[in-house]
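Coming up is one lone chain in structure tokens, specifically the form predicted alone.
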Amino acid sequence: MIPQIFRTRITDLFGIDHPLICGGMMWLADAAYVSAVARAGGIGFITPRSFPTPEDFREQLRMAHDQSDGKPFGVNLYISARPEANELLETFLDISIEEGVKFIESAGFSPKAFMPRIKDAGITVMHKCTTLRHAVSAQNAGVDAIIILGAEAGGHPGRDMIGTMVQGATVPQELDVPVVLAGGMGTGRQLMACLSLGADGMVLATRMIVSAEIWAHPDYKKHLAGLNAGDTRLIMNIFGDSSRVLSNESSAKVLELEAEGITDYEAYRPHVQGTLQKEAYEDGDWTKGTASIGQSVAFAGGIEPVETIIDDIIAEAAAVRDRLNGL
């Protein structure tokens, strides 16, 4: 592992060597992956909804504690707009507290309702936002750091679809807490750009799917490794909440339904249900499911260990820094 080169408020906040956040990924962010990120000097977040039962999630936390060499990792908590969906979130938070988790990456709606319990447990929380307005609201709610998503991101990049470079040039300057940039990230050149814009780090997600420690089928990873930035699609625009996904048969069918003006969600369900994504990861059939894939798939490259990917990013960022110092 490359020793620390860049120290920022984010590295200090999380106690990590490198200003690299590996965001939670549904179905994929398990103990093996996040502990590999921890050992490599970054921080990753286990996604509790990826496992069959809450007790399976608890076991993943214990495995991560055993495998991370004492280095930090966290838990991703998605906050739904539906109160009934958050009942399970309460269980995940209970287990996280019981198992000594110290870091949470929250996403979705405001974490305000959960902040008292999170803070009482001494947990550091970083919230994912898509606009400055939401970021200010999250900061006012008491979060310790902000992830700001650009339009290039996989999954839900927000309704305003503001690019990462614009987000980076506006959001950090308006907040007091540390900010990390997400959306289309995958290189050391971009890390230096993030730091230059005033952010304290960057988020990796799609770039890491091809890492050796991710359990997805090798055929799936090999397909991603051959793609470029144009191989994603924005779907579900008709519902006012676009999602950036892999270009494949499922996303093409969704776009056909949208072109026909169909607004009955049930017509879309056979193509967008999450279990299809899991099946694609399991059997390598990338043609099915609407997997969240960002434009950073252009940087996926070959299948390599997490440590190699992170070391290469940091080494490239250091080379760019040296080049800039010579201008």
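Residue indices: 1-based, along the sequence shown. In this text the structure is predicted, and so the values were computed from the model without any measurement.
The same protein also exists as the form predicted in complex with a small molecule; that form is not shown, yet it is the one meant from here on.
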item	value
Residue (of V180, V75, V143, I209) lying close to the small molecule in the predicted complex, criterion heavy atoms within 4.5 Å	I209
The single option of A199, M185, M126, L246 touching the small molecule in the predicted complex, heavy atom within 4.5 Å	M185
Segment that reaches the small molecule in the predicted complex - one of 63 to 71, 33 to 41, 266 to 274, 47 to 55, heavy atoms within 4.5 Å	47 to 55
Full three-residue contact with the small molecule in the predicted complex, heavy atom 4.5 Å, for M25, A107 and L204	yes
Contact test in the predicted complex: A153 vs the small molecule, heavy atoms, 4.5 Å	yes
Partner contact for Y281 in the predicted complex: the small molecule, 4.5 angstroms, heavy atom	yes
4.5 Å heavy atom contact, L149 to the small molecule in the predicted complex	yes
